[in-house]
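As structure tokens, one chain now follows by itself in the form predicted alone.
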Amino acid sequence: MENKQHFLNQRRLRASSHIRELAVTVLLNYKQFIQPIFVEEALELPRNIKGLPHIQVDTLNTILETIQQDINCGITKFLLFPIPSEKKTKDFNYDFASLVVSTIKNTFKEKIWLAVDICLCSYTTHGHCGILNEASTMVENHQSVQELAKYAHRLAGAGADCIAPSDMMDGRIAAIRILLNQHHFEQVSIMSYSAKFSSQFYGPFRDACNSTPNSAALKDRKTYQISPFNQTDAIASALRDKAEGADIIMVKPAALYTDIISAIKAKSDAVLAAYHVSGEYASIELMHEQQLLERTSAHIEVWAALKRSGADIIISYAARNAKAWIENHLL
């Protein structure tokens, strides 16, 4: 009898939603969510994104409406992806991105926190994240870092609160931090895509940003993004970026890499962001469309897993729903 009572002990902590709420060890806070947003220079009307229901690429005018709607839903932190109309191999023009940032910040001022992605994949004709050599067989690290630092400086001057380099070039965090400090932008933070894996789960995002690699000689990003089979590389890259001046380090994708989040968190006190990427988001949405799961509960389950693994910040395409979903979710 004593053994039977002992075994029932854990069941008593699951007996009702009230006691389940009292016993939780993971708490989700919508204020720690970031909403990705897209704006494209050539668009006259917003466009849908293949595989990403409820998400659109905005125009310069409609992006303001989107942000206001998100503010009304409780979201005040954003990760902006500007998509220029002109693609080149070098000598890139950042006027549109600067215009978007200044327009957003002048409109909403201190109401929001705006991070801006600074990868070159949307700017290049070949879709890679940096400048290619003459043979188009490799990304030139040093030239790409110089270009990224220049881009970061422009965005800081336009009013960005945070620079988010997603390119995975070596040394770009130090180069950006030094240049920003030299021009008195010490208050602008850096959120580094520190452990960004060469993943199959970026497809819908690449459709949104027109950034699929298309170079015949360099067909993928394996030479600069991290292999899913190399945990050591991911940890080392994250620790390096923190040492170079990153204020926030990121793991991307997130749901498939909770072991990486935990491993980095065990070795660093850095603020850590988990990016639940487009393919991960789309997987939930598509299963929901097929009535194979309940959408809200599935997203919350993923968010709980990311929190359990050590994430401080969650970047999610469903972030705009976080406040309502979390508050109304029954444990």
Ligand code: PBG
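Residue positions are given as counts along the sequence shown, with the first one as 1. Keep in mind it's a predicted model, so treat the numbers as computed, not measured.
Not on display, but discussed next: the form predicted together with the named molecule.
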| query | finding |
| --- | --- |
| Partner contact for residue 221 in the model of the complex: the named molecule, 4.5 angstroms, heavy atom | yes |
| Close approach of residue 284 to the named molecule in the model of the complex, 4.5 Å, heavy atom | no |
| Any non-hydrogen atom of residue 94 within 4.5 angstroms of the named molecule in the model of the complex | no |
| Heavy atom of residue 129 within 4.5 Å of the named molecule in the model of the complex | yes |
| One residue of 215, 210, 237, 225 in contact with the named molecule, assessed in the model of the complex (non-hydrogen atom, 4.5 angstroms) | 225 |
| Candidate from 78, 257, 123, 193 lying within 4.5 Å of the named molecule in the model of the complex - any heavy atom | 193 |
| Contact segment among 62-70, 269-277, 27-35, 285-293, judged by heavy atoms lying within 4.5 Å of the named molecule in the model of the complex | 269-277 |
| Residues of 188-207 having any heavy atom within 4.5 Å of the named molecule in the model of the complex, listed in sequence order | 193, 196, 201, 202, 205, 206 |
